[in-house]
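Starting off, we have a lone chain in the form predicted on its own, written out as structure tokens.
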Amino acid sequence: MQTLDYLFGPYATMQPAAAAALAVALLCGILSPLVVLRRMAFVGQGISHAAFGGVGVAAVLGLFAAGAGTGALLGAWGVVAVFCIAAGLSIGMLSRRQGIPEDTAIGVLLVASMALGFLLLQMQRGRAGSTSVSVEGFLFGQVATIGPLEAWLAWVVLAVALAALWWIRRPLLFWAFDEPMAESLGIQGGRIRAALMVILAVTVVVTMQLAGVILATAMIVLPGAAALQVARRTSTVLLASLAFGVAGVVVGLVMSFETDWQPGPNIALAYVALFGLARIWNALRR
């Protein structure tokens, strides 16, 4: 099997990718039920597409230049993260303070970020010098470029996100299930939503290399959607979402290793299949 050769063979090259994928699966599995309960799937899509604008900015700054060192790559992903956080907070500000419908705000920022990213990448390619930016890789994932640095970064992000979610767990769950009641009891929904937006934006950044900008939404939405089909208690839903998240990544990566196809679409299809099985199980149980 090619999977065993990629992971444990004499020329194993995909161990960092598998480690990063596990961290991303756990992080998305934890966030996914909240995203589904709060109907934030389209928000996640808007933030993930906004990341492409950050990629264009980082490319123009020369941070994705071929042969760039560790510091430049960290700076590049930092720029992308700041761009995603700004996009998420802008969606909240436009929808809450400016009276613009949330889906309209997401659509405006999504289109603007994607167009900006493509134009900036085109400008960078018109200059002298080479760049390591692959448009297809950022759109659909680039597992082959994940190294030990990216794997460690994914686990650091997972640890920080878990700490933040644990810190605000009580008001976050109350707000997720009943926002009007939570705000009437003094919980500041705007701050909780902003914190969730920041965590979601950082999650998108670490998910990009695995599933790409376009398919990152599948990893953020589908594990929670599948878990809510098979469970109702909060703790059970969370555990089921984690299980679906890890299973989707494992199946998708194995399919990718065995077929040499792009990993992002394989992972997305694995999640869709798991969601379909969860729906069938729910129907049979009823």
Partner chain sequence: MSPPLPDSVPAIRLKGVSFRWPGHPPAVEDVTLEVRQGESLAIIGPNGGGKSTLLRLILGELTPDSGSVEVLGMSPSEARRARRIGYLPQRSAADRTFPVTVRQTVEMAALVGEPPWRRPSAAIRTRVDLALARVNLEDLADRSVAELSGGQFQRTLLARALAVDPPILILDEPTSALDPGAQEQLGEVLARLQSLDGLTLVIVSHDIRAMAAPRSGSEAGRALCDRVACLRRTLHFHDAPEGITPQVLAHVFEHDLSQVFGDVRVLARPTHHRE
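Residue numbers count along the first chain shown, from 1. These numbers come from a predicted model, not from an experiment.
Only in words, not in the display: the form predicted together with its partner chain, which the text now covers.
Only one of the listed residues (L228, L242, A41, V57) places a non-hydrogen atom within 4.5 angstroms of its partner chain in the predicted bound form, and that residue is L228. For the options W155, F140, F174, F118, the residue carrying a heavy atom within 4.5 angstroms of its partner chain in the predicted bound form is F174. The stretch in contact with its partner chain in the predicted bound form, judged by heavy atoms within 4.5 Å, is 33-41, chosen from 214-222, 243-251, 46-54, 33-41. Not displayed here, its partner chain is kept clear of L26 by more than 4.5 Å at the level of heavy atoms in the predicted bound form. Contact check for R191: every heavy atom lies farther than 4.5 Å from its partner chain in the predicted bound form.
In the predicted bound form, none of the heavy atoms of M255 sits within 4.5 Å of a heavy atom of its partner chain.
None of the heavy atoms of G107 is located within 4.5 Å of its partner chain in the predicted bound form. For the partner-free chain shown, A176, F177, D178, P180, M181, S184, L185, I187 of 176-192 come within 4.5 angstroms of its partner chain in the predicted bound form, judged by any non-hydrogen atom.
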